[in-house]
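One chain follows as structure tokens, the form predicted alone.
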Amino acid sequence: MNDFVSTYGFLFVSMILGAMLGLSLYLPLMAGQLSLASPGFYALGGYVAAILSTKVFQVKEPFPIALLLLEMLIAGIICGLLGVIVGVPALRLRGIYLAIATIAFVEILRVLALNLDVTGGAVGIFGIPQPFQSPIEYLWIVLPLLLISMAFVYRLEKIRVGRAFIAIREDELAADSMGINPTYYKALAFTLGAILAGVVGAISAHFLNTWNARQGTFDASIIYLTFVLIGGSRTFLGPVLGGMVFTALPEILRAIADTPGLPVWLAQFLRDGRLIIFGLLIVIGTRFFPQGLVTPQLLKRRSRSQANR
């Protein structure tokens, strides 16, 4: 059992972090906004935690949990403020134009990180102190945070704000005619997603022990988009499932690639062709499962069948 935990503890925590990143992309989608800015806020949150822990607090290991929580709070506030600044003008765009604008935002942050001394340039920041002795112990932080995030989004879908998000997603013109302010609610959804991504980034910086500009790239945007599109974009359970499954998928592909007797070219493709496979899954998934694997209709059908039993 100890060998199993030590071997797969890192993967378990990564799956939960992936689920929360999927939720950070799902929040703007609740208001009908195809935002790909989550990797930028994720990278920013990680840099905030890395800079604070290595250059401000300068506390040796084990890093105090209280300081980690403080870093998460500061990262969430900074990402939230930047989300408001970026979101209000950017969310006047729609569809693919908004996606392009948010990709540009991610690239701007990446270029800044590559050229600033405080972020360590292209090398990044190393030796970020650890609050725990082993990767599996991060579950004490990430698992409650995932449950809180899921409960928050679940409750959000049931109250007036969430219904406004959904109304804007279904028909923005009709929602506006009913007195819903689309700009305000879209900016709110964008900001909530930015806060969650920043908090996850703060945890990930300590979890990975190093942080650099590769954490927030266009490739990451495609991966997070896969979490939501394949998992399901109409219920919060979809991104959670998608984030967990597709975070584990590269490890599954590597295990298959190590199968004896597999052709060399196929093994190499399974190891290095992750983005190609994710792209194919997006195409196939949107063709045959336009609302993802987890849909509200599927959940209602299951609840009815359980009630009949």
Partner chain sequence: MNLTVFLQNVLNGLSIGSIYAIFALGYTLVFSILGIINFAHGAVFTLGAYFTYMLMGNAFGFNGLLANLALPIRLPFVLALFFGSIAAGLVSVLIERLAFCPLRRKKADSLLTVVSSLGVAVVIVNLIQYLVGAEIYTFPPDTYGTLPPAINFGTEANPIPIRSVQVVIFVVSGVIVSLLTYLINATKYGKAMRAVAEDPTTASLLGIDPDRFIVLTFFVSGFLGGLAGTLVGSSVSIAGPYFGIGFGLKGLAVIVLGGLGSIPGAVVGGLTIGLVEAFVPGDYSAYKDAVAFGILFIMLLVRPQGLLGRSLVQKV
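Numbering follows the first chain given and starts at 1. A quick note: this is a predicted structure, and the numbers were derived from the prediction, not measured.
Missing here is the form predicted in complex with the partner chain; even so, the following discussion is about that form.
- The partner chain is not drawn, but in the predicted complex it has no heavy atom within 4.5 Å of residue 259.
- The partner chain is not shown here, and in the predicted complex it never comes within 4.5 Å of any heavy atom of residue 214.
- The shortest heavy atom separation between residue 140 and the partner chain in the predicted complex exceeds 4.5 Å.
- Interface residue remark: residue 63 is not counted as part of the site for the partner chain in the predicted complex, having no heavy atom within 4.5 Å.
- Stretch 261-269 is the contacting one of 238-246, 261-269, 39-47, 53-61, since its residues have non-hydrogen atoms within 4.5 Å of the partner chain in the predicted complex.
- With the partner omitted from this view, the residue of 118, 111, 122, 147 that lies near the partner chain in the predicted complex is 111 [heavy atom within 4.5 Å].
- Residues of 92-126 placing a heavy atom within 4.5 Å of the partner chain in the predicted complex, in sequence order: 92, 93, 94, 96, 97, 100, 101, 103, 104, 105, 107, 108, 111, 112, 115, 116.
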